[in-house]
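One chain comes next, on its own, written as C-alpha cells: the form predicted alone.
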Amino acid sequence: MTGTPATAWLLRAVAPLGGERADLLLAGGRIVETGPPGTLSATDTGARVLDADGLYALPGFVDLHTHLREPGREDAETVESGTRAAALGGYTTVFAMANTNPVADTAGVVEQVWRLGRDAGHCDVRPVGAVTEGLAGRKLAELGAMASSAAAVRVFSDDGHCVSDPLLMRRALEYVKAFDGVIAQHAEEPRLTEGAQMNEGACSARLGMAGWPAVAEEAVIARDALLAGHVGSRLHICHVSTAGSVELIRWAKSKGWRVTAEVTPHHLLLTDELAATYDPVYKVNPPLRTAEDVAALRAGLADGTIDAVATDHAPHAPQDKDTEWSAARPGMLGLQTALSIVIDAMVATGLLDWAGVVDRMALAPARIGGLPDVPVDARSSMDVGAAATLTLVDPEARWVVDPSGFASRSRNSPYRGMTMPGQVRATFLAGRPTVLDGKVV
C-alpha cells in the first residue's frame, strides 16, 4: 500500500463539523483525544502536528457511484488515478461500478478491483457487482459468490443499463435479502428512451433533439418500489433526476419500504438549457433536466427524501467525448468537484448545514453501502474512539476549475472555468494521510 506510513497526528485548532475549534489527536486509526486549541501535546506521543486553524473536520466522504473503468478502459481511468481523484475530493471510500470490461459479474473480477484499490491505498474501494451476467439483463450474475468473495460485495447494479425485466428484478431483490444486500437500479425504461439525446421538454423541442421523458425514469421507480415493498428487500435508486421521481420515493418511504436514493452533484446544479451549446461535455445519463427538477431535487435532498449525494464520476477518453453530441458517450467527472457543488447548491442556499452535508455525503451512503461501524450521527463521528477517517475542508477557499490539473486520466468536466466554493486540504484514511495541503501523499 502506498502513502505515508501510519503515525500519530495532532490536528491543531481544527473545527469539527464547523463548530468550535479544538485539537484532535489521531493514533492507531482512531481519534484518541480532544481538547481546546493548544491544550494537547504532540511531545508525549511523537505526533506530527498539522496546523488546521480555519479548517473544518468532517468524516471522510463515501461515494456510492464511481466509475473507475479498470479493467478494460484504462485509457479513461484506472483504480490508481480514480482513487487519487477521490482522495483529493475528500473521499475515503468509493463504490466502483460494474460496467468494466470484463464486467464485474464474477467473484474473480470484483476481487481484482478490490485488490487494485487496496494496493493503491488512496481510499477504500468497494466493488459493485453486476445484477445480471454481462449487464445483459437476461440472467442473474453470481450474486452469492460475489457476496462471499474477499471483496464482500453488498451493492449490486447494472448501472448504465436498467434491469427492465420485472421478474428478474424481483428475483434479484429476493436473492440479496439473504445477506442484506441492496439492488441499485438505473431507472430507465429502455423502450421510452430509444434514440433519446436530452431531456424531453421545451428545450429539446426547440433544439430538435430526441427527448428523454421523465416518465422513463419514474415508471421504473414506481414498479421497483412496489417490488421492494412486496419482497421486503432493499432497493436503491441511482442518480434521481426528476421532480416526479422525488415524489415517488417520498411515497415509497411513507409506506415503510426499504427504498433509498441518491442524487448527483450535476443534477443539483446544471439544467437542460446547457444542451443548447451542443457541447457533449453536458451529455449525461440520465440527462440534465429543468430548473424545476433541480429545485425539487435540492428540496428532496434537504428533507431526507433523497438520502445521499453520489458523484456518478464517469471519465471518458477524448475519442469518446470530444465528438459530435449524438456520438458522444454520456457522463461527467465528479469526484474533485462534488463537495464544492454541494456547498454551492445546498449550504450557501441554507438548505443544509454542515451536519447535513456529513449525513448526505458520508454517513447515509456508508449505511446504504453496508460499511461497518458507521457513526449514529454527525456529532458522534468526531467523538473520542471514532475512526480517524477524516476530511479537512477550507470553507472559505475559492478555486477555479481546471480539469487539466485533475488526478483523473480524463478531462470531461462540465465545470471548466467556474469558480467554486470550499476546498479539501487534507484527507485521512484510518489515521493515515492520503492528502496533505491539497496534494496526494
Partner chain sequence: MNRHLLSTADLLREDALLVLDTAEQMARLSDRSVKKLPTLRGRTVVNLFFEDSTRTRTSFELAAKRLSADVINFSAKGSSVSKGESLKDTALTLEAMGADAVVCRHPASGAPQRLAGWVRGSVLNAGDGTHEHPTQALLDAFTIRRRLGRLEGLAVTIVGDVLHSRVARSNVWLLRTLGAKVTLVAPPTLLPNAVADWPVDVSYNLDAVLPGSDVVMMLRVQRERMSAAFFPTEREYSRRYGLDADRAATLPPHALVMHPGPMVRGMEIASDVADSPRSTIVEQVANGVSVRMACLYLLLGGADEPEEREVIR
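Positions refer to the first chain, counted from 1. Since we're looking at a predicted model, the values are computed, not measured.
Beyond the structure shown, there is the form predicted together with its partner chain, which is absent from this document and is the topic of what follows.
Q: Taking the partner as it appears in the predicted complex, which of 303-311, 156-164, 242-250, 271-279 has residues with heavy atoms within 4.5 Å of its partner chain?
A: Correct option: 271-279.
Q: Among the candidate residues 207, 355, 227, 196, which is the single one with a non-hydrogen atom no more than 4.5 Å from its partner chain in the predicted complex?
A: Among 207, 355, 227, 196, a heavy atom within 4.5 Å of its partner chain in the predicted complex occurs only for 207.
Q: Give me the residue from 370, 201, 121, 71 that has a heavy atom within 4.5 Å of its partner chain in the predicted complex.
A: Looking at the other structure, the residue within range turns out to be 201.
Q: Residue 321 versus its partner chain, in the predicted complex: is there a non-hydrogen atom within 4.5 Å?
A: Residue 321: contacts its partner chain in the predicted complex.
Q: Indicate whether residue 101 is a 4.5 Å heavy atom neighbour of its partner chain in the predicted complex.
A: No.
Q: I'd like to check something about residue 326: if you look in the predicted complex, is any of its heavy atoms closer than or equal to 4.5 Å to a heavy atom of its partner chain?
A: Taking the distances in the predicted complex, the answer for residue 326 is yes, it comes within 4.5 Å of its partner chain.
Q: At a 4.5 angstroms cut-off on non-hydrogen atoms, which residues of 87-117 are near its partner chain in the predicted complex? List them in order.
A: Heavy-atom contacts to its partner chain in the predicted complex: nothing from 87-117.
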